[in-house]
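A lone chain, given as structure tokens: the form predicted on its own.
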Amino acid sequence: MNAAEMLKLDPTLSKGGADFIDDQRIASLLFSEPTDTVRVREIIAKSLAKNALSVEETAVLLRCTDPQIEQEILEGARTLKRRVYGNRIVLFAPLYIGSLCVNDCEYCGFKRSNHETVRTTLDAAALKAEVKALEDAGHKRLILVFGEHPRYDAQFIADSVRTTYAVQSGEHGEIRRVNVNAAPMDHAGFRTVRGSGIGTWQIFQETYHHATYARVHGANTMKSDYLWRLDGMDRAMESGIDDVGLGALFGLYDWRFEVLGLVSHALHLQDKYRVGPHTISFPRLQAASGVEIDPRWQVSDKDFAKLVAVLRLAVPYTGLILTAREPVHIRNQLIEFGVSQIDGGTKLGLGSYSEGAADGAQEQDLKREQFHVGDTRSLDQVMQELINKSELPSFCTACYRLGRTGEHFMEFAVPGFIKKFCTPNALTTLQEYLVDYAPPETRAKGQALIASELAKIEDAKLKGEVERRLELIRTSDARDLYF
């Protein structure tokens, strides 16, 4: 029985599906003529005008090694992030559903050959307990994570999504947005999961470099098929999932190559479907059970900052996700250079949210978890840090529920989207957190931040409506008052 038969997938690719990653071309762009300072500044200016960069223009930024010009790249990303996203940071939590996997990826603690891994799949009762614990902490947005295994077929994923939405803890606990990180499906599978009401479907290509991809993924496994995985986002789009998330795992190959792979993928989707990815993730490879890290491709903190900045400039309207793989000081630093989403209170052990310490200090057990986590703070500790830095925490889910997704998102994103929608929705969801979940210290600091942000709203009518909704949340049971 081959892999496709095992998972009962229709092997049909998307319409016109083909491998659009040209390794030779990408490599040539990274090692062509020296960077011209004038050209770098022209490219930064193009991005600051909120125009996406080409692969060639992105490569120019990556080739730059002049410390002064690299600083200009960082400053450009900082400026662009404020223009497009303001000071808003969206928060979510990952929830691992199952660690069974048919693949044998060298870098993953859940690989099938790792006999030290404790294999678990959450049943309905365990899933409900996890969701309740997350709701009790204040979460409204989750991403469900699944291994690749026949047990985790489209129906199982759809049922898990519906179970998650159905859980309500206390008077105000509810999950309003469920994203999915899972293996690529065929068209029928994507349609099945879409029917459960998911938000974004996230697929990591892991590495865009063909030879590396073949080396780190076991032969004759589902994941060894480079094109099937690369084409996954196309099939999702054709199946009605218009919010998709790309990702690469940095530390498997040259980080600059992977950046160009991500940008190539984003532009491919934009060209073919008139909408690029909703998010891009760029985690660095971390220690895991049974995993040896190749030091040749480890990304330094300095290069990681440049990586984030270049991605921000290359794809102005794509959300950038910085995960809890990174330590606190790196997360605090890189938020400024383009990050728009982070996870908080993250625990990777299956069942660990409902069994662990509320302060997030639970010790990791890598035999139960996919990789090492660098930021183990609780959600409230993350909230306090953001508020102290005058970043605006947001649990907003309005766009997905009002149809402002996919191609329609761009219609709203360009003309003052932040002022009209994102900031007001961030303020109302922050108010919910402060009233329903926050301890007194966080509540006091958060209310001061809300007052400061309200003062910046220039539209008197909008400001009055935001104030009215904030007061309703504070004094009544009214919730979910989104714009």
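Don't overthink the numbering: it's just position in the shown sequence, from 1. Worth saying up front: this structure is predicted, and the values here are computed from it rather than measured.
There is also a form predicted in complex with a small molecule; it is not shown, and the following applies to it.
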Legend entry - Options 268-276, 236-244, 304-312, 146-154; stretch whose heavy atom lies within 4.5 Å of the small molecule in the model of the complex: 146-154
Inset, instruction - May I ask you to check whether Phe204 falls inside a 4.5 Å heavy atom distance of the small molecule in the model of the complex? - result: yes
Inset, instruction - Please run the contact check for Ile73 against the small molecule in the model of the complex: heavy atoms, 4.5 angstroms, yes or no? - result: no
Inset, instruction - With heavy atoms only and a cut-off of 4.5 Å, decide whether Gln286 touches the small molecule in the model of the complex. - result: yes
Inset, instruction - Examine Thr121 and determine whether its closest non-hydrogen atom to the small molecule in the model of the complex is within 4.5 angstroms. - result: no
Inset, instruction - Please pick, from Ile321, Leu249, Ala137, Leu260, the one residue with any non-hydrogen atom lying within 4.5 angstroms of the small molecule in the model of the complex. - result: Leu249
Legend entry - Sole residue of Lys223, Arg194, His209, Arg331 within 4.5 Å of the small molecule in the model of the complex, by heavy atom: Lys223
Inset, instruction - Report whether all of Leu91, Arg141 and Tyr317 sit within 4.5 Å of the small molecule in the model of the complex, measuring from non-hydrogen atoms. - result: no
